[in-house]
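This document starts with one chain, in the form predicted on its own, laid out as structure tokens.
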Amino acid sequence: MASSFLSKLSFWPRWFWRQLTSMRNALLLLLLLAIAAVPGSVYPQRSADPNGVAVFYDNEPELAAVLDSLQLFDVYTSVWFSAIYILLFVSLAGCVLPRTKIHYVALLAKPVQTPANLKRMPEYVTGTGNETVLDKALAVLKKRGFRVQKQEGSVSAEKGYAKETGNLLFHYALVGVLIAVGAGGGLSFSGQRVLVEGDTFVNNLASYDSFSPGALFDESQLEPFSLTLDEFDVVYDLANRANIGQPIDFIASITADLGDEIVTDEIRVNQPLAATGANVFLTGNGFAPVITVFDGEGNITFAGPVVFLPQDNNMTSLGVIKAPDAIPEQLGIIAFFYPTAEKLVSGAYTSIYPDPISPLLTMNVYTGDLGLDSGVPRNVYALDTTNMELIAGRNGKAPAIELEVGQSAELPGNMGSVRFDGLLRFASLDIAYNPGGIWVLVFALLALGSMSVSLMVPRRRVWVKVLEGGKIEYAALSRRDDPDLPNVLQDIVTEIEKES
């Protein structure tokens, strides 16, 4: 009774293991992993685009909360993606290891015994000769790469074990890819920084706007280097009339201190800077108007470039300025920048070209509580106007402020003044390090090469047998459909008879 119960209890683990380690289910898991990766390209990921996640929350807060509960903003580190990943790894290992042992034994084994009835083979021809034919067959088949064995009255030859070797190497390469991706992801990091022309980035945690380390990454692994954005330039298409104003190149000119040398270089799209212990990628750009804000007592409460986020293809951009130390009240400004401004019939402005030909800055000015003392983190690119009063702008006490470069304007109610001092550009940089990348490439190339070998190399067996009366039998067998097998056997027969 107890023995029967234990037998039934052990049945299900064995059944599950057989299902998991079957090649069919390994392929299904591989397909499922590819499908599971799709949301990572549909929704912004915290590891690569934290600002995109924040914008998604701002635009669709309810949907974002649902997606976040399903870990769709962290696809590649989610529980469900990791489960598929680990199951695939175990499945491949469980498939490959037993097959490797079987293949190793087969490699050491001698060719099979010559069948008694060669006429049953798919390819069969006869000839005439004597016992010396077997020695000539040995030489010919060895020259053609067959493993041969002379048996009593016959020669048995096999060829094509490289097919299974390639198949096994392909699966080992897949396991290598999984290990490289997992280890590389654990030891990797990705960080973002918005850099205005003239600013310098230093590779330490304090310099990042956002930073996403892998599970195995340690802060001490950050290699020291720095870079300064000297100039940012955008090249627009002016030759194609149907495409005028479309950007065709983005060039970030930088000076980098890599520790052992100082280099002057350019970062472009798909042309990153190979810095010490990381690669620096160009992921975005925009304008950073230089603005000075004075309060009601004439004190400077804000001064410097402000990053404006592009809103359309013509680089109409939105920026937020906060002056919490202004007297008599805190100031908040929502500003729009138009590189090439044109006034519409409605009185609103729009930008008709992305390059700054006639730049214009418009401002809606608020006074009141910015909410910075509440202890709740605030988005630097958004202004909470719940407890603020609009003093300049549409539906305000005064019209919106309009400034060209070099102009200034007084704020209503003696609240101070603002000045548009100049215009700079900014570049969004992604600083990333993944030590598994090169190994993923190596194993992917190994998988491609081994799969090619597995598909191209046929598995064949050939027999030559001497019968009484001087009759010679030649037969060939292929493991799969082999349209070349008749020609191969005929070539072998011709070569053997030629040697006779």
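We call the rigid core the largest set of C-alpha positions that still match within 1.5 Å between the two forms. Here the structure is a predicted model, which is why all the values come from computation and not from measurement. Numbers for residues come from their place in the sequence shown, where the first is 1.
Another form exists, predicted in complex with a small molecule; not displayed. Remarks below refer to it.
Put simply, of 174, 333, 227, 411 only one has a heavy atom within 4.5 Å of the small molecule in the predicted bound form, and it is 174. Note on contacts: among 95, 370, 415, 341, the single residue with a heavy atom within 4.5 Å of the small molecule in the predicted bound form is 95. Heavy atoms within 4.5 Å of the small molecule in the predicted bound form are found in one stretch of 38 to 46, 429 to 437, 58 to 66, 453 to 461, which is 453 to 461. In the predicted bound form, at least one heavy atom of residue 30 sits within 4.5 Å of a heavy atom of the small molecule. For the chain shown alone, residue 203 is not a contact residue for the small molecule in the predicted bound form, no non-hydrogen atom being within 4.5 angstroms.
Although the partner is absent here, residue 89 lies within 4.5 Å of the small molecule in the predicted bound form, judged by heavy atoms.
When contacts are judged by a 4.5 Å heavy atom cut-off, residue 281 does not count as touching the small molecule in the predicted bound form. In this overlay on the rigid core, residue 29 has a C-alpha that sits 2 Å or more away from its partner position between this form and the one not shown. Core-aligned CA deviation for residue 95 between this form and the one not shown: 2 Å or greater.
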